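Take a look at this single chain, the form predicted alone, given in structure tokens.
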Amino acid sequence: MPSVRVAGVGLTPFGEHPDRTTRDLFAEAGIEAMSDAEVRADAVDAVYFGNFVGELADGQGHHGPLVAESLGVSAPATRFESACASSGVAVRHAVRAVECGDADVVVVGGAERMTHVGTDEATAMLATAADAIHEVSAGVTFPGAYALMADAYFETYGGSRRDLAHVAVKNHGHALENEYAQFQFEVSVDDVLEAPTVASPLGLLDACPVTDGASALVLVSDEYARDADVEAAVEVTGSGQASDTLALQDRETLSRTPATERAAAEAYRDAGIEAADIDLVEVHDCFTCAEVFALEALGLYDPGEAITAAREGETWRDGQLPVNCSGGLKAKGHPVGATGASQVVEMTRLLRGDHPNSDYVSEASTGVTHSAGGTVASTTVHVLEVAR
């Protein structure tokens, strides 16, 4: 299959943009990506766009053609919705479109705008990613759902709130110099442990923020990059996607996330790599415990072993396996529909050497991104490698 290259990337600052529109945010990221790739609008074959709650937050559906118009692109445009994995799924479909020869140039990304509705309404919107009959009607929110998963993990494998607090401390530390991050400040273990409880055992500083923002990539075929003399130093060599039951009650265990395990197996097989070949990862840490689940499901730690990784310094940017050098969802922010693509943007910047934390991973050649929707009922995994 043709190689898929990342020719350009773009991000808006993640944070609060209550006076901007979703199309405006995506236009900023998309035009930055097209400029980075030196790709003209008339060269684009397709636009793939991730968004979760546009109808609820903006009263706007049918975002595909709207965001293409904002880029000045007339190519076919499609919106993808898969909760917090929306643009991760969009990236997967863009990769497949280039691999199978349907497109040579695809602009793919996502955007979300939620801070203008307030925390209560945003929480209710996010809860629509859970099972409306068996979970939402019983009052389940995502902080509550992940708290149940954290408790199940502690009961099965051990660990403590203090272990999880080290995940938050690490990711805030990684975001300090990231110009796109929402939270560019440090927190201490005591700060995390003394923060108000959101859903025991998780506190406020175990959770990612509500965020507005957008992300975009330009993916091109190897042939297009060569013919157009486009510099594209990073390629997507593997892609995987998997699902699980939507409701937690229907799962065999709450202490593991098997959808990630299956998506990772597919992506690694696609890329021809093993977990031991991976140099750094960006994972879906909507809550601190989610980073632990992801590292074990990706095969980077045995079950029960990732809980101490941040505390032991193993997953810091200068550790043996740097995790979330961007700051992760926890500190970089989580504009839901933009998050999956933003992880690929950040991994590209890290691998090609223009990220503020690139110097810490200068020897890295293989990175993995992981996005998850709901309580990991939807998930995508992508392998990125420095092009040879």
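Note that residue numbering begins at 1 and tracks the sequence as displayed. All values derive from a computational prediction rather than experimental measurement.
What comes next is about the form predicted in complex with a further copy of the same chain, which is not displayed.
Partner-contacting position among 41, 321, 31, 56 - heavy atom within 4.5 Å of a further copy of the same chain in the predicted bound form: Checking each option against a further copy of the same chain in the predicted bound form, the one that comes within 4.5 Å is 56.
a further copy of the same chain: the contacting residue among 204, 132, 148, 233 in the predicted bound form [heavy atom, 4.5 Å]: After the contact test, the surviving option is 132.
Contact check for 3, 226 and 367 against a further copy of the same chain in the predicted bound form, heavy atom at 4.5 Å: Answer is no for this spot.
Proximity of residue 60 to a further copy of the same chain in the predicted bound form, heavy atoms at 4.5 Å: Within the cut-off, so yes.
Partner contact for residue 275 in the predicted bound form: a further copy of the same chain, 4.5 angstroms, heavy atom: No.
a further copy of the same chain contact in the predicted bound form: residue 168, any heavy atom under 4.5 Å: No, residue 168 stays farther than 4.5 Å from a further copy of the same chain in the predicted bound form.
Close approach of residue 281 to a further copy of the same chain in the predicted bound form, 4.5 Å, heavy atom: Answer no; every heavy atom of residue 281 is more than 4.5 Å from a further copy of the same chain in the predicted bound form.
Location of a further copy of the same chain contact in the predicted bound form, chosen stretch of 284 to 292, 208 to 216, 241 to 249, 107 to 115 [non-hydrogen atom, 4.5 Å]: Result for this chain: 241 to 249.
Partner contacts in the predicted bound form for 78 to 96 (non-hydrogen atom within 4.5 angstroms of a further copy of the same chain): Contacting residues: 78, 79, 80, 81, 82, 83, 89, 92, 93, 96.
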